[in-house]
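Single chain ahead, by itself, as structure tokens, in the form predicted on its own.
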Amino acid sequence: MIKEILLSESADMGLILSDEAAEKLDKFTAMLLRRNEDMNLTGAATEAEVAKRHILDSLAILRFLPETALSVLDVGSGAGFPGLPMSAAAPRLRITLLDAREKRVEFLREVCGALDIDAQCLAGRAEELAAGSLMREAFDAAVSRAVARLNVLAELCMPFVRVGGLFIAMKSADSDEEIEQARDAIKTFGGSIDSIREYTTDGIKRRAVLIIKNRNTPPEYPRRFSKIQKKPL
């Protein structure tokens, strides 16, 4: 069962996962694969692949969050990674799952409702919501597993983070060049790279880039996404 895989391998990573959380994530895996047939939520084909490739990778981020980080925004959550497993495993966190696709957000709401996972599910474009006053610099931390270069992710995510907060970008082990190229952009958005933490899940080496928010993001950022794509910083 997936529950046993999650309990065993999370312990190997130094995480304490409750039986209740493992049970919820087991059921989430089944729901994900069932809906994947018509929604294309994941490339994983089996429950074990979902558990090892996605859920454990998501849970690994909990080790890098400071205890003071309670409100967390998952930008580009997609099928719920990393925010939904984080919420199931650490219910003390106030996690918001943000995705631009309403259909995926409806799926996340369905999962949270069925499994009693206390995460807010929000549909909208990050660059538009970050420009408003309600969510701008309102979170202790932002996380993202989205497939985008770090300079683009930083522009979309850092405006949500309060000064003194943290942005965690999940990256592959071969991201040296991408990280270096993003340093100036990160500084422009008010941050600096605090550390790069390496970890392994499913035999694959990965990285978490921890970015500290040192000052307010200038009001002109984030720009419209078409402009970000056309002329990334």
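From 1 onward, residues are counted along the sequence shown. Nothing here was measured: the structure is a model prediction, and the numbers come from that model.
Although not depicted, the form predicted together with ligand SAM is the subject of the following passage.
Proximity to ligand SAM in the model of the complex, defined as a heavy atom within 4.5 Å, singles out one entry of A88, I95, V161, A126, which is A126. Comment: ligand SAM is not present in this chain, but in the model of the complex one of I117, A146, M135, L150 has a heavy atom within 4.5 Å of it, namely A146. Contact annotation for F81: at least one heavy atom lies within 4.5 Å of ligand SAM in the model of the complex.
Ligand SAM is not drawn, but in the model of the complex it has no heavy atom within 4.5 Å of R109. None of the heavy atoms of V72 is located within 4.5 Å of ligand SAM in the model of the complex. Interface membership of A131, defined by any non-hydrogen atom within 4.5 Å of ligand SAM in the model of the complex, is ruled out. Contact residues in stretch 150 to 164 (any heavy atom within 4.5 Å of ligand SAM, taken in the model of the complex) are limited to L156.
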